[in-house]
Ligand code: NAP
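One chain comes next, on its own, written as structure tokens: the form predicted alone.
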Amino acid sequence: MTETAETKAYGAYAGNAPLTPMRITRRTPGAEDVQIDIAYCGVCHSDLHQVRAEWAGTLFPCVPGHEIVGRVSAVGARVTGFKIGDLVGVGCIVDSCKHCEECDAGLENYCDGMVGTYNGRTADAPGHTLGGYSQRIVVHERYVLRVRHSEERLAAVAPLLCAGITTYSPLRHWKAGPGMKVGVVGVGGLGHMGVKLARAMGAQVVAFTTSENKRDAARALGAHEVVVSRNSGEMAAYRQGLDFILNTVAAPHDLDAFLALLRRDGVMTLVGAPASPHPSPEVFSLLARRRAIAGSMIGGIPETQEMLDFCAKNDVVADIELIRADEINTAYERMLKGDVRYRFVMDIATLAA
């Protein structure tokens, strides 16, 4: 029987209930496990959807959080990659089958047996994983990531574990870099990371926003040019002008308006997850210039480590607002209104208050 230990957390017992303090159990570290004392956990929009049962299959009690950073506080006897005191992170994945084609390729995010950091089936109590809105977590070392940023930047590193890798992976896969003109649609939690990363990769970055008041903010993030997408004249100026588009918008919208901005062989990759489908694109927009629409979901463990190392080298972090644990319900309501620049991060030390 696996030994367990209690830890404080914030979560919900039902989809229509607010998040409240609770005590949960974690397994004690096995031979290949790493125990992490969590310092900060980012607040992702998917946390809200899952804990409120807006996505199917929420398991309660639900403790969200998959943008975790902290220090190693214990390691199992066979752990070789980490030691007590190391700065580390845990993203969206805490387990996978470890032997399929995707796992062998370091693409655990596409493994059919991938286990999410919360709401994933596990042998540990209560039968499903519990996330990072908690003081401590225990994870197999394969899914633990090394953080090379300074400790002073640690809170702002947390959103890299989801928002960072979600935008880095498609930019990397489609080889964003010098000589490419890259559009980033949406200047929010995902989009602001897309702008920063594409700029750090050396691409010419064009940010697209529906809000005139985000024009200066997008430039401050690193966009070379900013387009208000409601302005037909501004959009027309970029017709057939972009090599790649990273579309981060998580609401249904007209994809054709952006497809028209792609050059021949251009690709628009969708990373936002709308609650209902986008209107179907006009097929001729794809045929006429051999354009493509693609999708991308987070990243595997090796690529997530690569992203963290890239961000440390280039001093890239998220723009955040630090909140207390007891401010999480208010933060969710503000997030729904778009009232955050650009990610909330929970200070886990406040769980003990």
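Each residue number is its position in the shown sequence, starting from 1. In this text, all values refer to a predicted model and were calculated from it rather than measured experimentally.
Here the subject shifts to the form predicted in complex with this ligand, a form of this protein not shown in this document.
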Of 322 to 330, 308 to 316, 37 to 45, 280 to 288, the segment with heavy atoms within 4.5 Å of this ligand in the model of the complex is residues 37 to 45
Hey, with this ligand in the model of the complex, do A5, G113 and T122 all fall inside the 4.5 Å heavy atom range? no
Please pick, from K214, R172, H128, K181, the one residue with any non-hydrogen atom lying within 4.5 angstroms of this ligand in the model of the complex. K214
Considering non-hydrogen atoms and a 4.5 Å limit, does this ligand approach F60 in the model of the complex? no
Given that the partner is absent here, does A198 sit within 4.5 Å of this ligand in the model of the complex, heavy atoms only? no
Though only this chain appears here, would A12 touch this ligand in the model of the complex if you measure heavy atom gaps against 4.5 Å? no
Mark L160 yes when one of its heavy atoms lies within 4.5 Å of a heavy atom of this ligand in the model of the complex, and no otherwise. no
Scan 239 to 274 and note down the residues that get a heavy atom within 4.5 Å of this ligand in the model of the complex; none is a fine answer too. T248, V249, A250, A251, V271, G272, A273, P274
